[in-house]
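A single chain comes next, written as structure tokens; it is the form predicted on its own.
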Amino acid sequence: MLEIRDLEISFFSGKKQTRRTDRVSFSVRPGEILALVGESGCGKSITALSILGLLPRQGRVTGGEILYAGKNLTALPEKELDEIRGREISMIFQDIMYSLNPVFTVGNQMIEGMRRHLGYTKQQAKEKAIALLKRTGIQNAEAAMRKYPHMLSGGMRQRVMIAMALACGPKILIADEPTTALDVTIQLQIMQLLKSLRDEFGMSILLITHDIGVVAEMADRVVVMYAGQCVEEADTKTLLEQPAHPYTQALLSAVPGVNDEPGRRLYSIPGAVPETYHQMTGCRFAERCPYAGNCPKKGEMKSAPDGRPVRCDLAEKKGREAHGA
């Protein structure tokens, strides 16, 4: 459905260029949920925004391709990209507090896209909007249509965002942290809703998150990002049970499990994602990696014993055992 090849995104300030992603490559298959995971600042959201040409003014795709339906989205004129945005590829944005326009009612914002992309009359768009709101779990949809975003709870706003994203029947849905700032009960409802809508509409979902619990519940495959690079890719079961990259292992070790021994201490990854990783050479995780002393620290993409791509110099030779797991 969607293929990203060697994507490089840079931000410009005057004559200064800062590269924020480095040869990012992955694909989204028909009907699957692909999770893009990693800490904040690893480049997940800007990668997603680049797919729809929604990078901030200072940002620009400076290398690679984003292929959809045989077209390189990075090379399309704005007019052609407008026909794809919302119609074939849609997005649930990260911050639900500010993703809806505060000066328009929910109804106005839902109807606009359907009239623009599908040619619906106002009444047709209204009827479909009400049906979508009900499908996403808003019981009194007619009343919700007349409300402004600030009059809705966080969970209801998230459901409105999902309904808006589905309004034109997209083939790919990008969900950027769709459960952030929601309580655990609402999180579960939203996750179950997205999975049921995926099955109902047959669409693919690119799920961006740093919540491993969400990954375990939702994803078919996982791509792990660190400091602007993809460091590991595998199906969800394999990645959760046999993580190959030290960063993936560290992320999983920091998550509590239902079968944990009493008193188990959760692992804390030392340090933080470096802000100037574009200036680094070799392995970008080396300063935080417990195995860096036994590693050449080149940070090159290798193949784990099971064939999965892993950006770790120890992975190809010894796999998981090389990391003491």
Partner chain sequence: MAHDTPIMEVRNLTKHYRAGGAGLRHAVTKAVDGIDLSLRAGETFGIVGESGCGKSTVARLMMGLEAPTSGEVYFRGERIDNMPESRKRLLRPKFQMVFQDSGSSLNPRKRVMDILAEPMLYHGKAGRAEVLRRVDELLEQVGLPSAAKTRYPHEFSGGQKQRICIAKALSLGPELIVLDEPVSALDVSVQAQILNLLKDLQEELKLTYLFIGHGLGAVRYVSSRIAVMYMGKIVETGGADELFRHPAHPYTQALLDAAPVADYSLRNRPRIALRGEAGGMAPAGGCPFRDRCPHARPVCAEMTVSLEPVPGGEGRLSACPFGR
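Numbering follows the first chain given and starts at 1. Here the rigid core means the biggest group of C-alpha atoms that line up within 1.5 Å when the two forms are laid on top of each other. Fair warning: this is a prediction, and the values are worked out from it, not measured in the lab.
One more form of this protein, predicted together with its partner chain, exists but is not displayed; see below.
Colleague: Whether Leu55, Val61 and Ser99 jointly form a contact site for its partner chain in the model of the complex is the question; each needs a heavy atom within 4.5 Å.
Modeller: The answer is no: none of the three residues contacts the partner (heavy atom, 4.5 Å cut-off).
Colleague: Where, among 189 to 197, 108 to 116, 161 to 169, 122 to 130, do residues come within 4.5 Å of its partner chain in the model of the complex by heavy atom distance?
Modeller: Flagged stretch: 189 to 197.
Colleague: Of Leu251, Ile205, Met145, Ile92, which one comes within 4.5 Å of its partner chain in the model of the complex, counting heavy atoms only?
Modeller: Of the candidates Leu251, Ile205, Met145, Ile92, Leu251 is the one lying within 4.5 Å of its partner chain in the model of the complex.
Colleague: Would Arg87 count as touching its partner chain in the model of the complex under a 4.5 Å heavy atom rule?
Modeller: Looking in the model of the complex, residue contacts with its partner chain do not include Arg87, since no heavy atom lies within 4.5 Å.
Colleague: Gly257 versus its partner chain, in the model of the complex: is there a non-hydrogen atom within 4.5 Å?
Modeller: Output for Gly257 is yes: heavy atoms within 4.5 Å of its partner chain.
Colleague: State yes or no: in the model of the complex, is some non-hydrogen atom of Ala75 no more than 4.5 angstroms from a non-hydrogen atom of its partner chain?
Modeller: The answer is no: Ala75 has no heavy atom within 4.5 Å of its partner chain.
Colleague: Quick check on Pro262: any heavy atom within 4.5 Å of its partner chain in the model of the complex?
Modeller: Residue-level check for Pro262: yes, a contact with its partner chain.
Colleague: If you apply a 4.5 angstroms heavy atom cut-off, which residues in 262 to 287 are near its partner chain in the model of the complex?
Modeller: If the 4.5 Å heavy-atom criterion is applied to its partner chain in the model of the complex, 262 to 287 yields Pro262, Arg264, Arg265, Leu266, Tyr267, Ser268, Ile269, Pro270, Gly271.
Colleague: Hey, does Gly70 budge by 2 Å or more at the Cα between this form and the one not shown once the core is superposed?
Modeller: No, Gly70 moves less than 2 Å.
Colleague: After superposing the rigid core, is the C-alpha displacement of Pro30 2 Å or more between this form and the one not shown?
Modeller: The answer is no; the displacement is under 2 Å.
Colleague: Superpose on the rigid core, then tell me if the C-alpha of Pro256 is displaced by 2 angstroms or more between this form and the one not shown.
Modeller: Shift of 2 Å or more: yes.
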